[in-house]
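Next up: just one chain, as structure tokens, the form predicted on its own.
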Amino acid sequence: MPETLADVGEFGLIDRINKLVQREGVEAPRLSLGIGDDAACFRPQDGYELLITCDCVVEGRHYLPKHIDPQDLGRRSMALNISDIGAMGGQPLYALISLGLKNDTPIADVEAMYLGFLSELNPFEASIIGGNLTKSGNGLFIDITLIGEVEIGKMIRRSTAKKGDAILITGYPGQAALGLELLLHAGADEDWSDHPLVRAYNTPTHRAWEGRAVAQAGYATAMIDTSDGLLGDLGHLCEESGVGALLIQEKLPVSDDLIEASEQLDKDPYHAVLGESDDYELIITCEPENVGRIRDLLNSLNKNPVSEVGTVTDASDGIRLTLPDGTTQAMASSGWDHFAK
């Protein structure tokens, strides 16, 4: 039988976690006090502002336990928090992790989750500096608070888009949504873990490096990640900025994998691109003359596409979509809602 939390207890697990973080993590910059006391302590860097975000991942709500291993679950949970920091032009520094665990949770699974957390943090030289453990009777949950920093004057917000700006999107939104659909339709003996869309759902890729590069260059007017789906988060950006948007369907990025899965699931691929999805791409608005500069900048980091998909318009226009026949239709901007009926 594998060793479980019931075998080692809370403080035995804390000791294991502390040793793993010291062994596999990186040394935190400007950290005065880390794991082991009532609170952690660090010194902010002169000339920088702090960014703080938190997000949780709940078993059965945000992931399917039988379709993801503990290390990938750790990666997934940390990546979505890193995405929020990156979408404002910052980079992560310190993470605090709270876990709700069952008595029979294998210790090896918890350690694997921490390896996943660290695999996402280490490239930024960011560290785990604390957290909390509690008993959960209804499944596992992970709650992460992530602290980042951004140079004063470089932060990008969702509330500063302007009429006439171009609208850009990185990557291929909608892939994670269809990856989840494939898992939900999978037979008992089918293994979809290596399908590219299932990987997009289980281990999404944040765009923090890209967001930071755009912020440093000063080319963007506003930015937001697509954790609630392209339309949902574009709606957030438009509402906060007091603007509308006109999207062009033929310019929306649609991958070959998404088209193939759409045919298999009998779904419209453009609904997947625009709808609710667990992707962490970036929506970037910028003055039209900076479109090429942003493309060149991001292409220098990776080969993921950067698509110009529309224009920022008057708030009275709402969000509209131009179809291939030249007609336009109004689009609802609602995205993922945890409490929707």
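Numbers for residues come from their place in the sequence shown, where the first is 1. Keep in mind it's a predicted model, so treat the numbers as computed, not measured.
Another form, the form predicted together with another copy of the chain, is not on view; read the next lines as being about it.
Chemist: Taking 4.5 angstroms as the heavy atom distance cut-off, pick the stretch from 168-176, 243-251, 191-199, 139-147 that is near another copy of the chain in the predicted bound form.
Modeler: Single hit among the candidates: 139-147.
Chemist: With the cut-off set at 4.5 Å between non-hydrogen atoms, does Val214 touch another copy of the chain in the predicted bound form?
Modeler: Contact with another copy of the chain, no.
Chemist: In the predicted bound form, does Glu27 have a heavy atom within 4.5 Å of another copy of the chain?
Modeler: Judged by the heavy-atom cut-off of 4.5 Å, Glu27 is well away from another copy of the chain in the predicted bound form.
Chemist: Taking any heavy atom pair closer than or equal to 4.5 Å as contact, tell me whether His67 reaches another copy of the chain in the predicted bound form.
Modeler: His67: no, not in contact with another copy of the chain in the predicted bound form.
Chemist: Contact between Arg157 and another copy of the chain in the predicted bound form at 4.5 Å, heavy atoms?
Modeler: So Arg157 counts as contacting another copy of the chain.
Chemist: Though another copy of the chain is not shown, can you say which of Ala79, Ala112, Leu133, Ala186 has a heavy atom within 4.5 Å of it in the predicted bound form?
Modeler: The option sitting close enough to the partner is Leu133.
Chemist: Can you tell me which bits of 34-53 touch another copy of the chain in the predicted bound form, meaning any heavy atom within 4.5 Å?
Modeler: Residues within 4.5 Å: Gly36, Asp37, Asp38, Ala39, Ala40, Cys41, Phe42, Arg43, Pro44, Asp46, Tyr48, Glu49, Leu50, Leu51, Ile52, Thr53.
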